[in-house]
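Coming up is one lone chain in structure tokens, specifically the form predicted on its own.
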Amino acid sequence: MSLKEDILTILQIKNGDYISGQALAEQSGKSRAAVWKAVKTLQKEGYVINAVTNRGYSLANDGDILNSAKIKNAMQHDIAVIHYTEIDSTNTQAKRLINSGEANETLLVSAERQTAGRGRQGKTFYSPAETGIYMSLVVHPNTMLQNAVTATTAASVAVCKAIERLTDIKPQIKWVNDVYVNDKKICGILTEAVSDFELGIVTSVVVGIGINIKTNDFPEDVERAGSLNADIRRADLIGAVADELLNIIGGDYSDFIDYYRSHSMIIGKQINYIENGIVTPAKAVSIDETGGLVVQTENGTQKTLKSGEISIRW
């Protein structure tokens, strides 16, 4: 970590108590002058750090500011975290890091704001600053191509579990992996695989997750969007989602399929599914052991969807 992040971590551990500049210098292995400069930088970033002669420094309530140190402190798993004030897309940046050899281990990429957030089916994901979380988790499963799809349903389960752990809200899942609260989409998930086609395996999986926390003003072309509207610190939710996902990703569907089913919002509903550009009305019947959606068309025929887009006929 940088000196700035080291100092922030120490101040957060002190939990409002004062620590002298000399003690900060000794713990960080830097000079007092360097500590002073780092504190000034943190203050410019919005942290309220009190400085009192003969007492030292104390961190006041740091609110909902995001940085890599706060996210790491909120996590149980010890992985690398890179946070950006602004990025085009956390998924795009994660793939850049993979391609450059800078993401050979498990890595979490997050951003305060995305200028070109991406969703499934080529859609954009509206990503304003201060009102949401935008994150991508890079894992390296080295699994056969057909097994990597586990990550997409696992991600929706991880989001729901994290929300339930930190709030009293009970989210639901619209197949495949959109998370809804009060019939409004509050989370989108985009999973992308980096593959070695010669070996026929997925070498890396990038799981991109965007959650609207307090976003209210959406573009006109965004339909049925909503927000979590919970009193929650974003770093805590990022950490909880990453922890939950790392707990279950790469496992068998049987490890979490019952939870996935219990949070489905579409079973028994009338839907439309899109396949090869054709829209077909059907009824959602069940979810099978591998996460496939069993539907029954209007002529009584049943089939299982393994991927694609559906919409609920509200």
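Note that residue numbering begins at 1 and tracks the sequence as displayed. Worth saying up front: this structure is predicted, and the values here are computed from it rather than measured.
Separately, the form predicted together with biotin (BTN) exists; it is not shown, and the next lines address it.
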{"query": "Contact stretch among 223-231, 151-159, 167-175, 189-197 - heavy atom within 4.5 Å of biotin (BTN) in the model of the complex", "finding": "189-197"}
{"query": "Contact residue in the model of the complex, from H83, K72, R118, K95 (heavy atom within 4.5 Å of biotin (BTN))", "finding": "R118"}
{"query": "Contact test in the model of the complex: I163 vs biotin (BTN), heavy atoms, 4.5 Å", "finding": "no"}
{"query": "Biotin (BTN) contact at K185 in the model of the complex, heavy atom, 4.5 Å", "finding": "yes"}
{"query": "G210 within 4.5 Å of biotin (BTN) in the model of the complex, heavy atoms", "finding": "yes"}
{"query": "Distance check, Q114 to biotin (BTN) in the model of the complex, heavy atom within 4.5 Å", "finding": "yes"}
{"query": "Within 4.5 Å of biotin (BTN) in the model of the complex: residues from 120-138 (heavy atom criterion)", "finding": "R120, F125, Y134, M135, S136"}
